[in-house]
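Next up: just one chain, as structure tokens, the form predicted alone.
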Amino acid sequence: MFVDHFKATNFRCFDNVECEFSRYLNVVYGNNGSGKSNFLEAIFYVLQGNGFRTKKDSYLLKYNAPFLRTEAKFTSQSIEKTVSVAWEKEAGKKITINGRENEKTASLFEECNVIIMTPATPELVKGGPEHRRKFIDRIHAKENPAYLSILNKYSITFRTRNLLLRRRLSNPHDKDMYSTLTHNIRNLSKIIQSERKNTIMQMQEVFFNICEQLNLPSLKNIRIMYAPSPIDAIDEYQLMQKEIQRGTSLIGSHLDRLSLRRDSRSLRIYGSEGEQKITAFVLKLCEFYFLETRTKNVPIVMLDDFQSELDNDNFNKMLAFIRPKAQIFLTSLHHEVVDNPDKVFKVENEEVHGEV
């Protein structure tokens, strides 16, 4: 997919922005603090319904502005489409897709494939297991939209169950509700764990193939390890007593462990900074491969200050992997960051100027 035309009003530091993009490599450059990441986030917002640095719409609103609005014309699987995402303090968020109003962010998730790589991407390796669980879940949900429904049901079950536990099952019917929710969270967890296991097995093969293709022999022994949390082995009465004491759910797929290891040693703990970074970005290339091949909708790729995290050799390898296939938005301090960009934009004084 690719975006042809884009508009934004009152988004972060910008009053008004309107741009026509190349369907290939778009370089966005400017000084530190000029608003390059804000510009990328505005494009991300119209395609995904939220920011990539915050989930709070109010944080994206230009100071003292009454509303924000983003609009885009894009092509997906050879079909031209339009989308707008607006937010104001009283009315909240409004998403319109091809003239259909009051759409949900889930509709954008299904319509638009976007991959973002930022200086925070290494958290996939360096951070806790929740980063890796969400990463795997998002990839599989793109391929199988029904899985997103399973995840949403799990989230509702988890939150409701925790609410009962925080009030220590004090209401008359709480124990019956607790029992039902425990049954549900176990069943949903089994489905989620089975899907995660299958996706991770496929991911491991793709990871190895990409390392071979990019000539990264130092990563070929890295394994993606999955340890599902126990679901059935805990007696319900004992579980209830422990959970009331802790005030939170101690069973479910939200406790699954997912790690990257070399020779049984955790890359998060024992890997060098460079190994952690390059591994995380290869995982994002795996995401690109999955979305490209499984959904038949080549994702837009956003690289926000991407080159600062990698040496020139690895940066060029990864860019070459993506560049022939996808529309790319790349931010940098200098427009000479790559050879022969298809279009260049300069961000300066809270404005975006197209140069090529």
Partner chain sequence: MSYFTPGYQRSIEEFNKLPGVGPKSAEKLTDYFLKLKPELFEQFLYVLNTMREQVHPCKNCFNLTEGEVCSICSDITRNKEIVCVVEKAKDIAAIEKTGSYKGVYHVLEGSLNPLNGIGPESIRIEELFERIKKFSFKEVVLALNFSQSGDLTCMYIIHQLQNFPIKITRLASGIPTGSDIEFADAKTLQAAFKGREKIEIED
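It should be emphasised that the depicted structure is a prediction, and the values quoted were computed from it without experimental measurement. Positions refer to the first chain, counted from 1.
The next section is about a form of this same protein that is not shown, the form predicted in complex with its partner chain.
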item: Contact residue in the model of the complex, from 276, 259, 160, 107 (heavy atom within 4.5 Å of its partner chain); value: 160
item: Contact residue in the model of the complex, chosen from 92, 128, 145, 247 - any heavy atom within 4.5 Å of its partner chain; value: 145
item: Contact segment among 266-274, 149-157, 203-211, 249-257, judged by heavy atoms lying within 4.5 Å of its partner chain in the model of the complex; value: 149-157
item: is_contact(residue 184, its partner chain) in the model of the complex, heavy atom dist at most 4.5 Å; value: yes
item: Interface membership of residue 179, its partner chain in the model of the complex, 4.5 Å heavy atom rule; value: yes
item: Non-hydrogen atom contact residue 173 with its partner chain in the model of the complex at 4.5 angstroms; value: yes
